[in-house]
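A single chain comes next, written as structure tokens; it is the form predicted on its own.
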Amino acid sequence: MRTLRFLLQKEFRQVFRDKNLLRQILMVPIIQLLIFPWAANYEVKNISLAIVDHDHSSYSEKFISKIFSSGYFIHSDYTSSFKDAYQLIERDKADIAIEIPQGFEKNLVRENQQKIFLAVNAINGVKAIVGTGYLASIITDYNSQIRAEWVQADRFNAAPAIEITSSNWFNPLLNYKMFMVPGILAFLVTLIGGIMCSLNIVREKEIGTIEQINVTPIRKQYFILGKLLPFWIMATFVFTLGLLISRFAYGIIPQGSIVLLYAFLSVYLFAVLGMGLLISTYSDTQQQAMSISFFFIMVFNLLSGLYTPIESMPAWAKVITDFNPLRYFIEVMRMVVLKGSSFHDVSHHFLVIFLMAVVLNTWAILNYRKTT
């Protein structure tokens, strides 16, 4: 233990001497946690709309007013022809063009039906699908409003109808920050463990101090622990800051046990730090270590379920997510923070991450060879 204590003193002194590294570890995650949740969201707003109104009737005006009053659409331009509206889409000045035909009000009154043409810019598929869904909902509501005005009350109420009442569990207000912030915090902790730790041993190689350590009687188990524990402590500190920011900046209070979160974090960090140390044992330069770490971090991020539900991924991608540690941490964060899940609910996640930690750290210890 005395040997380990001296190694930890050495590592902390190196970290605190490097002011840039200290800023990257402490300040960058805090700034990212304050910015990312406002940009990484599932809400689609400010959909630019081009209107082609050939009817200019009271019904078409009410319809257009109802669209813009929803708050999801902004006015791009009123055009006299669909050709002009289509040119706005081609120049990316409009996302959707609506053409209201002549006789819109007359056909609704006399024929009880009327078609409206929608042209959607589908370069951004998500924006196209969501924008079309918004318009479909608005048109359905507009139809119901017209029907309620035309049909007599007693005849209208006599028709059978199914009434739907929904209840949103765990996130009643459907606030996307409640869903995104825990996942982003898990990702930022992974960045510290995966990238910063992977540069540690490689830095010793580049400055030449690794040769001085290799000729000492220090066992490589103690050497690996000395490299791992400082970043484990700093990542835990960053996680604590992240929870405080979540509480005071976003109003997110974990519904489950804080102790359970820290218990899983402790095991998770050993797995991620073990991966970083393993990368550093295979790398000769910091550039190599950074490239390899960045590759794995990007794969972990995109296949973690942070932005895309794992259930929507193809079968081969689901198999990869089974070996993705970030996937399990994000799931545990959301389960404990939002649902108040207990240890029994996340016991499988504990087991998987514990096995990953054992395998990665054992591999790192075996792969590191002292040379004289």
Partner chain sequence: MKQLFSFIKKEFLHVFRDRKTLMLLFGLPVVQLTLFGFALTNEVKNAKIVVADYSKDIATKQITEKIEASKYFDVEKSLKSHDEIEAAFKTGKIKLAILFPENFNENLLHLHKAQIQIIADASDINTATTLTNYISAIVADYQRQLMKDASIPLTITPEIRMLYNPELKGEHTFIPGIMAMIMLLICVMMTSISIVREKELGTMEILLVSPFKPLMVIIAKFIPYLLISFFNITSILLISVYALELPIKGSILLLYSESLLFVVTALAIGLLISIQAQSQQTAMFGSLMATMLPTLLLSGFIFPVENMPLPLRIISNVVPSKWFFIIVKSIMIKGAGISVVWKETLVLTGMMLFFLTVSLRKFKIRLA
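Please read these numbers as outputs of a predicted model, since none were measured by experiment. Rigid core: the largest C-alpha set superposing within 1.5 Å between the two forms. Positions refer to the first chain, counted from 1.
If you look for the form predicted together with the partner chain, you will not find it shown, but the lines that follow are about it.
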query	finding
Contact segment among 270-278, 136-144, 257-265, 217-225, judged by heavy atoms lying within 4.5 Å of the partner chain in the predicted complex	136-144
Interface membership of W169, the partner chain in the predicted complex, 4.5 Å heavy atom rule	yes
Close approach of S341 to the partner chain in the predicted complex, 4.5 Å, heavy atom	yes
Exercise: E61 in contact with the partner chain in the predicted complex, heavy atom 4.5 Å	no
In the predicted complex, L174 touching the partner chain (heavy atom, 4.5 Å)	yes
Heavy atom within 4.5 Å of the partner chain in the predicted complex - residue from T240, S80, T209, S291	S291
Residues of 102-125 having any heavy atom within 4.5 Å of the partner chain in the predicted complex, listed in sequence order	F104, L108, V109, N112, Q113, Q114, K115, I116, F117, L118, A119, V120, N121, A122, I123, N124, G125
Core-superposed comparison between this form and the one not shown, I67 Cα displacement 2 Å or beyond	yes
Exceeds or equals 2 Å, Cα of G131 between this form and the one not shown, core fit	yes
Per-residue C-alpha change between this form and the one not shown, Y78, threshold 2 Å, rigid core fit	no
